[in-house]
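Below you will find one chain, with nothing else, as structure tokens; this is the form predicted on its own, and questions on how it binds or moves follow later.
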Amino acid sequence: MCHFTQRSSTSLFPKICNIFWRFHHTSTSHLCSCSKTISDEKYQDPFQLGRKDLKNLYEDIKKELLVSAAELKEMCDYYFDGKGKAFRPMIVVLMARACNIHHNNSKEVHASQRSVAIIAEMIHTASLVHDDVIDDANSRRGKRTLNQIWGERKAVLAGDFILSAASVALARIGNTTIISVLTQVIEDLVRGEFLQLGSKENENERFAHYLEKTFKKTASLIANSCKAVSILGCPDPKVHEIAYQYGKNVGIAFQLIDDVLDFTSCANRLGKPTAADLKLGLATGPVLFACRQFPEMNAMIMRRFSKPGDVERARKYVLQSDGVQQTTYLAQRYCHAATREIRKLRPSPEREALVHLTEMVLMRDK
């Protein structure tokens, strides 16, 4: 599995693409073996283990968002309602503990490491607010979006304010390396959004383009947050790379499954409309794999499903093809890569919880 550098080079993606097409032609029986990811060691519930370090997480985030303007405060608090799973902060604190134990058997999470978890959630939420404006989305996490309630202009400003508060919290950590690692996330988010606005005519280039966008928009945050807490807990560069690679692979797998759920889950369960990506003109993994069986989709992809009936036809083609199955297999491969990385650390309950987390990513239905 190819590794992404911190500034992920686009030259790597064509190589990755060729690997993916080989996956596509691998026999089903061989690929199905990827689903056997259950850890042989004692089961560890990631959410249970991470809960103690995430206590009062959203209250602490709201403290970072102190503002006198009542309307802006209400907007900033809207998604920090404590009802989310805090998936990213949970990965961060588990990685922090796993790295600390690996380094010197310390079982505590440093205050600076917990700050990284808070900052990661703030950056993620700000990106959602901005994404909803760009996509003109009307629902997120089962409720109306900020832009639907307060309007696009105010939503953009609220997202900006959350990002600025995250930057202040980041500066407070007082470590220039950590600042560099986490500001890379913000750059990647912007570059990923620009990538999403474009498209490629060549099939291999198109898949590479999709994967690079996926890394920058989703996986970079998890990868660099994991790297940041490993730096704060352990001086070994090899451990930093392990943390980064684990986060990168889990992050890409998470988005691949998200793209699958856009075709297989009902809107109520997903918390947002289904086929949303097609309606936005986006060709995700299931579409790109389906295109191999239904070449007529190429024209629809290039016009971003803009003609009447394109969305419905493309959805039908995807569900008739093995696009969903192949994208799931690909996510399994990434989860296996994440597991291989994290197992390089010394055994700990947190390490096993991170292994189990890869299984949860594959099994999620919303």
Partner chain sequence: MWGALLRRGVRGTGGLRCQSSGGPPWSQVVSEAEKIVGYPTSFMSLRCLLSDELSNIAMQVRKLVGTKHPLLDTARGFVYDSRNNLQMRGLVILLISKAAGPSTTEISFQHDMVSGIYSSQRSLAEITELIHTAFLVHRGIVNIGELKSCDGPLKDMQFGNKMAVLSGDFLLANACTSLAQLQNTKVVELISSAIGDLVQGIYYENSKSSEENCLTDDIGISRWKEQVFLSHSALLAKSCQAAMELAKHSAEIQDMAFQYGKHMSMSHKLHSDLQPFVKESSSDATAFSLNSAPAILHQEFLGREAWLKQIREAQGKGNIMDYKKLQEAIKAGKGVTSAIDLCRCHGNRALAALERFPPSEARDALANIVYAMSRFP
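Since this is a predicted model, take the numbers as computed values, not measurements. Numbering follows the first chain given and starts at 1.
One more form of this protein, predicted in complex with its partner chain, exists but is not displayed; see below.
Segment that reaches its partner chain in the predicted complex - one of 103 to 111, 254 to 262, 175 to 183, 117 to 125, heavy atoms within 4.5 Å: Within 4.5 Å of the partner lies stretch 175 to 183.
Contact test in the predicted complex: residue 142 vs its partner chain, heavy atoms, 4.5 Å: Output for residue 142 is no: heavy atoms all beyond 4.5 Å of its partner chain.
Its partner chain contact at residue 202 in the predicted complex, heavy atom, 4.5 Å: Because no heavy atom of residue 202 falls inside 4.5 Å of its partner chain in the predicted complex, the answer is no.
4.5 Å heavy atom contact, residue 161 to its partner chain in the predicted complex: So residue 161 counts as contacting its partner chain.
Partner proximity in the predicted complex: residue 69 to its partner chain, non-hydrogen atom cutoff 4.5 Å: Because a heavy atom of residue 69 falls inside 4.5 Å of its partner chain in the predicted complex, the answer is yes.
Every residue of 133, 191 and 197 near its partner chain in the predicted complex, heavy atom within 4.5 Å: Yes.
Option touching its partner chain, based on a heavy atom within 4.5 Å in the predicted complex, out of 236, 77, 187, 241: Of 236, 77, 187, 241, the residue with a heavy atom within 4.5 Å of its partner chain in the predicted complex is 187.
The unique member of 154, 217, 292, 206 whose heavy atoms fall within 4.5 Å of its partner chain in the predicted complex: Contact check passes for 154.
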